[in-house]
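What follows is a single chain, given as structure tokens, in the form predicted on its own.
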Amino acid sequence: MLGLVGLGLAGCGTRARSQPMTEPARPPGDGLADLARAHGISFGTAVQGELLAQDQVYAAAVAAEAQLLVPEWEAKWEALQPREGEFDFGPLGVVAGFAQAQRKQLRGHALVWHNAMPDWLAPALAEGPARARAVLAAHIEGVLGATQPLIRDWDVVNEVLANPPGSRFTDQTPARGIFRDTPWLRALGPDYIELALRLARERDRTLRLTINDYGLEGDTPWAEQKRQNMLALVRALLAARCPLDAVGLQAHLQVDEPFRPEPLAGFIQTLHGMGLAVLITELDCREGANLPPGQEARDGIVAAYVQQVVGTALAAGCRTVLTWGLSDRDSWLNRDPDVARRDGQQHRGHPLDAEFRRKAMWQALARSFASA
């Protein structure tokens, strides 16, 4: 396993520089991170290492707007351990180098997930529980050992809950009880969640351990069911004295989904009552099926919806907000065929537009931070 050199990950290679050769001027005025910090809130975003290294405009926007960075891909299993026992921290090192140069913090995403798995992993898990436990333990030991000085908060387990019947999400992975049916569940049963959290705590006693999931924000029967399922899981883990520090709300929002503040606020307050922090970890917003005429009207609808949800979460005690990217130009909402619009339009669900100009969603977040 590769170790650390100074504060940067070793083995970064030369595939990309850790920061641009030169930086363009930052936008005038405070960025979202500055505005959030003034009210005791941490603001950040998911980033792509290649763009940080090669696109000066992208890198300058991240530097200006965000304080907390989470790698979109570079910290997932597929990136870090593409072959069993061979760790590659090169791509993550690009992000870490940028963060170090810009005095940013890093968040880890994700140690255990059913996606972004290298080709060797699912067959290894299928060999049985003993093999699965050994593979999981080796990965957590290797990753946390290398990233400990840099990353103090990890999504240890990601998207473990099944989507209840009637869910708006296209991913209808079969369920086993409240859990998503995945190679991890098939290999170890629901205990893989507890095992991952315990292994992480054993390796790093001061790391914040987070469970991260989506579909927990709306005012629909299936969203309420998923909230209750999350509470049941958390209660079971805490009753077993399993280490857990936070729950991440991905907040991949859709303006067509009904929203009411009370259910989300009550959910967050219940988690706080259990001693857990609550984070917004992957905020973005898909536009509705029917678009109003005019870009200003479209952006206004997105902004109003985002402000409702984020404002509710902040009022309930959430103190960390991360978007899943800053700009519409680089958004998975417009790359992923399952979520991209079918009408030829592109979703405008981020704080910055495709030219990196601040738009109504940026203003909505600024207002939400000020109100908090």
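Please read these numbers as outputs of a predicted model, since none were measured by experiment. For every residue, the number given is its place in the sequence shown, counted from 1.
Just so it is clear, the following notes concern the form predicted in complex with a small molecule, a form of the same protein that is not shown.
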Name the stretch, out of 199-207, 153-161, 223-231, 135-143, where some heavy atom lies within 4.5 Å of the small molecule in the predicted bound form.
-> 153-161
Checked Y192, W113, F267, F87 for heavy atoms within 4.5 Å of the small molecule in the predicted bound form; positive is W113
Which residue, R107, K104, K76, R298, has a heavy atom that falls within 4.5 Å of the small molecule in the predicted bound form?
-> K76
Heavy atom to heavy atom, is Q250 within 4.5 Å of the small molecule in the predicted bound form?
-> yes
Could you confirm whether Y58 comes within 4.5 Å of the small molecule in the predicted bound form, counting heavy atoms only?
-> no
Hey, in the predicted bound form, does R342 get a heavy atom within 4.5 angstroms of the small molecule?
-> no
Contact test in the predicted bound form: E282 vs the small molecule, heavy atoms, 4.5 Å = yes
All of E72, W324 and W332 with a heavy atom within 4.5 Å of the small molecule in the predicted bound form = yes
